[in-house]
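First come two forms of one protein chain, each written alone as C-alpha cells, so that there is a structure 1 and a structure 2.
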Structure 1
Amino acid sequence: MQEFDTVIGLEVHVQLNTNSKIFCSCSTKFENPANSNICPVCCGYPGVLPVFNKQALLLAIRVALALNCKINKKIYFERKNYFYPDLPKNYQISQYKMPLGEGGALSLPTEKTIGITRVHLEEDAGKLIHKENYSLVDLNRTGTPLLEIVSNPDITSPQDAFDYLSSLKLILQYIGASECNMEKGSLRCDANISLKNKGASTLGVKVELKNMNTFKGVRDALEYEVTRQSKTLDEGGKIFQETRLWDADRQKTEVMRSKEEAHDYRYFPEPDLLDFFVEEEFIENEKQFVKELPQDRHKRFLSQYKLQALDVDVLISEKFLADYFEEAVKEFNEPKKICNFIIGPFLEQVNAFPDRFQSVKLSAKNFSKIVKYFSNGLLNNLTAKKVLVLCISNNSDIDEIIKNEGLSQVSGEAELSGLVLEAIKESPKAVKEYTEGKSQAIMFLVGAVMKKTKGKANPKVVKELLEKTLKR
C-alpha cells in the first residue's frame, strides 16, 4: 500500500448581497416567478449595454480585504465568450487577466492557513430546467453579481476543505457580503483534487468535482475521491484528467466529461464598460467593515464577557446571534445570563422556524428585558419562555404581554400561603414522606402549588413557604 499526499483546491462562487443585478437595475430576489426579474439588459436583447453596480464592487472589495488579498486598483472587465443557453448574450462579463483581489489567505480554526489565489467579479447565469424533450430557461438569476474565490492547492484533506468552506462562509456572512446558502445556490463549490506520492514535488493528475450541494457533500465527495484514486494508483491504474459529478444519493462520483473538450473562451476587455481605478482612500475606508472577523470576535468575547469557549463558539457561529447578544448586553449587562438564554430558549425557538433568523422580529432590546425579568424573579423559567414564544416573531411589548396574559410571577406570601395549605391538605402521602425525612418529596408539593397558579408562582418562595409550614 503506497502512501499519498492529497492536494485539494476549491473554487467557490458566491452571490453578493446586492439589491439589484450587477449590470442592470433588476431585483436579485429569488422567490419571484420565473422570468419576472428581467429586462432587456439581462436578457441580452440586441442593442443593450451593461452599467456596473457599484454596490457589488463595495462588497467584493470587502471580501477581498477580509481574505487578506492585494487589491488591484485598476478595475476592468473582460468578456468570456461561449455559447450557452442560460447566458443570453453568449458571453459572460467576468474578470480574467486582472482579478479584483490576489494573493490572499484564510486561517482555519485548526490554525492552518490556506492561500487564496484570486477573487474576481462576474455575472451569474440563468437556470435551465430540462424536461423530457425540451428545456426551459429562467433568467431571473442571470446577472446576479457573483464573486469567484479560488484557493491555492493548499488544502490537504477533505476535512480541511470542510473547515475552509465553513470559515469562508462565516467571514462572508460576517461582512454581509453573501448569504452563503449552498442549498439555495448562493454559494457553490467545485473542487480539484489530485494525489501524489508522499513527499513528492510533482503533482498528480487533477480531477474536478462538481454537483456538491452541502459542505458535507464536498467532504464526502473528496473522501470518496481520495479512496478511489489511491485504490486506482495502488493497483497500478491511471487517473484521468476529467470532470466528475458527485451523486449524493449513491455517495459516489461519476465521469461527466473528459478535459479534451477544452474551450477557447476568447477573453478580451469588455468594450462596453470603461476601466476605472479605485482610490486608496476608498479601500482604506472599506477596511472598517472588515475590522473584526469571526476569529477576532471569538477572542474578544472570551476576554470581554468572560464566557465559556463552547458558548462563544455557538454565538460566533452565526453573525446574527453574536450581534444580537452584544446588543442585548448593552441593555442588560449580564453577559452570562443573556448568553444562556440565547443558547437555550431563544435558539430552540429559532430552530423551529423554517427560515430561522429571518422570522425573528423581537428586538435585542426587548429580548434583554425578558432576561432581566427572569433574573429579577418577575418571570420564572416557564413564564419567561412563554413570553418569548409570544413575542419572538412580532416584537410586541413585553410588559403588555405579561400583564395581558397574567404571567407575572406570584411571590407574595399572602397570595401563596392559602394555596400551600391546600396542597398540604390534598397530598397527605407526600407530606408523610417529607416528614419522615425524604426531603425530595417536597418537590411534589411545589409542583402542586405551581399547577394551582398555572405556573406563575415563584418556585423558590413556594418551597420556602412549604418548608416553613411543615416544620411547625
Structure 2
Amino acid sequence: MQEFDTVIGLEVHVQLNTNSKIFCSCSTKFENPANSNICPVCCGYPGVLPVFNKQALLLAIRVALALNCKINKKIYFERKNYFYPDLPKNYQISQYKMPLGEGGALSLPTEKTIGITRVHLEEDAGKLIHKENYSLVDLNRTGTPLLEIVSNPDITSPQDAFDYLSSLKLILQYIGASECNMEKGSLRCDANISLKNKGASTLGVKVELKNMNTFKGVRDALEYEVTRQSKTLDEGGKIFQETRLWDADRQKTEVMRSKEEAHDYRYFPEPDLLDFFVEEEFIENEKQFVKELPQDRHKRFLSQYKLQALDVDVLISEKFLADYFEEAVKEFNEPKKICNFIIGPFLEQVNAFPDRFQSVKLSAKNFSKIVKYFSNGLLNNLTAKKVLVLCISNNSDIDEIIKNEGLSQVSGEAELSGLVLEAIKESPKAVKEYTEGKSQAIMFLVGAVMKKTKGKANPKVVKELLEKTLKR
C-alpha cells in the first residue's frame, strides 16, 4: 500500500451575536415562526437599500483580533451572484477581494498552529424545507450576519480538524462573538480534503464535504474520506473534484455534485454600500474582549488554583462554567472543593435541563454557600445535593431551604447512638459478617442509620459509632 499525506482545510460560517440582521433591522431570533423575521430589504425587493450593522462589524473585528489576523481597515463589499431558491436577491453581499482579516493563526491544545487564510463578513441565505412532494422556503435567516473563517490547508488529520473546531468554538464563545450552536445553524462547517504522495509537494485532487452537523461528524466524515481516497488511489483509481454529502446514519459520504470547473460568481462592487475605513478607536475598544482566551485561562487555572488538568479541561469547556467557578471561589476560597461540586452534582443537574445553563438561576454566591456547608459538616453529600436541586433553577435562599426542609446534618453522638443500636439489633446478618472479618458489611449498617434519619446523618460519624459499638 502507498503512503499518503492528508491535507485538510476548513471553512467555518459563524452567525454573529447581533439582535438584528446585517443590512436591515429584522430580528435574528431563531425561534420565531417561519417568514416572520423578514422585510423588503432582506427579501430583495426592487429599490430598497441596505444599511450596514455596526455591531456586526465590531464583533467581526473582535474575532479577527482573537485569531491574530491583520485587519484591513477599508471595508469593501461585493455582490456574489448565483441563483438558489432561498436566495431572494439572486446575489449575496459578501467580501472577496478585500476580507476584513487575513494571515491569522490558531493554536491547538497540542501546540500545533493552524494558519487562518481569511476572515470575512457576508449575509446568510434562507432555508429550504423539503417535504415528500414539495419544498418550502423560510427566509428568516436571509440577511443574518455571518463571518466566514477559512483555514490554511495546514490540518493533517481528522483529529486535528476536531481540535481546531473545538478551539475555534471556545474562542468565539469566550469573546462573545457567537453562540456557536450547530443545532440552530449558528456554526456550520465545510471541509476540503485531499491526499498526496508521502512527502510530495504537489497537492492531490480536492474533495469538498458538506452536511456535517457536529464536530464528531466532521471528524467521522474526514476519516471516511481518508480511507476511501487511500483505497481508490491504491487500486489505481482516480479522485474527482466534487462535493460530497456526509450521511451520518450510514457513516459514509456520497456524491452531491461534480466540481470539474470553478463556479463563476461574477463578483463586482456592491453599488448600494459605500466603502469606508474603520477608525482605530473601534479596533482598540474590541481588544478588551480578547485579553484572556481559553488556552490562557487554562494555564492560569492550573497555576493559580492548583487543579488537575482534566478538571480544568471541563471548567474551561464552557465560559459559563469557568466564570461561575471563579465567582464561587471568591466567596469560598476552596478551589478544589468548588471544582468537585461543579463537575459532579452541579453538572449532573445542568445536563438534565433541555436548555442547560440557561435554566441555572442559582447565583455563584449561593452555590458556594452549599459547598461551604457541605465542607464544614452542616450538610452531608445527600442533603447538599437535595438543596442544590431545590434552588438551582430559582436561586432560593439556602438557609431557608435547609430550615424548612429540615436538612441540617445530624452529627451528635447523643442523637445518633440510639439509632445505631437499633440498626445493629435489626441487622444481625450484617453484624455477623462484620465481626467475622467482612469489613464492608458495616456500610449496610451505615445505610440503615442514614435511612432512619432520612439521609440527614453524618455518615462519617455514624461509621465511627458503629465501629466503636461493635468492638465492645
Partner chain sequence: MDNLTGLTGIQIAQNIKNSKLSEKDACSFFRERINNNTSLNAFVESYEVPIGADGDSSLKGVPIAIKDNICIKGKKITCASKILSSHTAVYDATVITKLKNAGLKIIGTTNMDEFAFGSSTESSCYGVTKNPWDMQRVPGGSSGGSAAAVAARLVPFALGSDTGGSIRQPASFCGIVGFKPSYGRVSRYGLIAFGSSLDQIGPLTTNFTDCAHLLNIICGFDEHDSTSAPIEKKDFSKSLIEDVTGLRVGMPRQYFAKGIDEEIKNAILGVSRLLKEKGAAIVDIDLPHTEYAVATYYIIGSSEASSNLQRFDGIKYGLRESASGLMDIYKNSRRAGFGDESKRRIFLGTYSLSSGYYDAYYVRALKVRTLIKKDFDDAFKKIDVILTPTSPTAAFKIGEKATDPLSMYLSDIYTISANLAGLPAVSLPCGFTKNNLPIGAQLIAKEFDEETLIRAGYSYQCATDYHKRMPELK
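Throughout, residue numbering runs from 1 along the sequence of structure 1. None of the values given here were measured: they were computed from a predicted structure. Rigid core here is just the name for the largest C-alpha set that superposes within 1.5 Å across the two forms.
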- Go through 1 and 2 and tell me the one that is the form predicted together with its partner chain. 1
- Task: Indicate whether Val205 shows a C-alpha shift of 2 Å or more between structure 1 and structure 2, with the rigid core used for the fit.
- Result: no
- Query: Just checking, between structure 1 and structure 2 and with the core aligned, does His120 shift 2 Å or more at the CA?
  - Reply: no
- Yes/no, Leu233 Cα shift of 2 Å or more between structure 1 and structure 2 with rigid core fixed: no
- Note on the structure: The CA shift of Lys432 between structure 1 and structure 2, rigid core aligned, in angstrom, is 8.5
